[in-house]
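The data below hold one chain only, encoded as structure tokens and taken in the form predicted on its own.
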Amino acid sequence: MIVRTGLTGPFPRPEPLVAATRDLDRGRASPEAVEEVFARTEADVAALERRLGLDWVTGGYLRWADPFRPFAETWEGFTVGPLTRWFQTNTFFRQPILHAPPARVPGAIAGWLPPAARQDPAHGGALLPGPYTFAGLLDNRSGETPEALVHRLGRLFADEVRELAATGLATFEFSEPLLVDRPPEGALAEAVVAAYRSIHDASDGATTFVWTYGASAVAAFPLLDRLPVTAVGVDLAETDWEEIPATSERRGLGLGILDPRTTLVEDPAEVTRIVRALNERRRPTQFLLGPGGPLDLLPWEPATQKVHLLAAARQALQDGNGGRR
């Protein structure tokens, strides 16, 4: 059994960083002082990830105000729109407004990656919005149909993956909560498959995975099992693991074992029991263990405590698996 672990979304900002950005907005701190706090905190998150032996290092993506902002601010065709509620949470994002068919700007997103991912790309992780969720949550004034937009975004993300993989970056996660909140059907579902086929063709052997959260993934598995990616991930706080179907498709299975909606720390014994049961049922090529959704729903300290479970669960699984990883 191969078990890999890592963060699957942004990490929360600690209070000193929150205070620094607030002071900057109010004119009480200089950009240089806030940059020092950002850099120090990113280094702290990366050090935590390395200390716990996580398989990809993200640095927390602390500068990303929401999953779409770097794209809305740098890709052609977009403007940044109004504050919009993020699903059924008390968090918000600036809804991108698409005025014309989008076009990427080479090198723009690479500049947004945290230093940990840029400095050690072989062990870095790129956390990107999935093309279906991106297309479904933006304000589309471009005239493109939803299907055509998903196709186009898939090709643009394929170009992004190709560019970043050329720098040595080896792990790409595509966050797709909308796939389970609003599963696509018919031509739109086929557009999703085609988008990920473009991404797969551009990945050049890199690990690519789709991470869903916020709703049960059970009904979406017929589509998830068709996606040409290394692994698909589900939120175990929302998805009953006993209803995850068996499959003949040989790919990895991601399990969101940390619930970002509660500060309670999960039981490693229960996690290992679930993983072993699913290994018998689906025989995935590997397991990816991470938070069910973005941990930035939690304060810094509880999130830090919870992420230790990833290392504990992997160790327990390795100890019961002859030490194999």
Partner chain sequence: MTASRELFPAQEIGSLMKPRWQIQGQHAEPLDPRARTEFSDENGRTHFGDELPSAAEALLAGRAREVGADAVRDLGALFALRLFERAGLARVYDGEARRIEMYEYPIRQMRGFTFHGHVRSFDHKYYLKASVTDEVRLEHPYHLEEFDFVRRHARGEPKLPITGPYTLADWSYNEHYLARQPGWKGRSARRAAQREFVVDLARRAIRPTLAALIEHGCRVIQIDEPAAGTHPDEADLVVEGFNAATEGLQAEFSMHICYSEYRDLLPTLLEAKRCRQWAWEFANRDRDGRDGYEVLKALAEYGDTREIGLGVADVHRDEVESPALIADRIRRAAKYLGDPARIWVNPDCGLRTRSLDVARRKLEAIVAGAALARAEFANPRA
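Everything numeric here is computed off the predicted structure, so don't read it as measured data. Numbering follows the first chain given and starts at 1.
Although it is not shown, the form predicted in complex with its partner chain is what the next lines describe.
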| query | finding |
| --- | --- |
| Interface stretch in the model of the complex with its partner chain - options 132-140, 81-89, 112-120, 164-172, non-hydrogen atom within 4.5 Å | 81-89 |
| Triplet Val18, Ile274 and Pro302 all within 4.5 Å of its partner chain in the model of the complex via a heavy atom | yes |
| Position in contact with its partner chain when the complex is considered in the model of the complex, options Ala65, Ala29, Leu278, Ala43, heavy atoms within 4.5 Å | Ala65 |
| Thr285, heavy atom within 4.5 angstroms of its partner chain in the model of the complex | no |
| Contact flag, Arg13 vs its partner chain in the model of the complex, heavy atom cut 4.5 Å | yes |
| Non-hydrogen atom contact Glu35 with its partner chain in the model of the complex at 4.5 angstroms | no |
| Its partner chain contact in the model of the complex: Leu236, any heavy atom under 4.5 Å | yes |
| Any residue of 39-54 that, in the model of the complex, places a heavy atom within 4.5 Å of its partner chain | none |
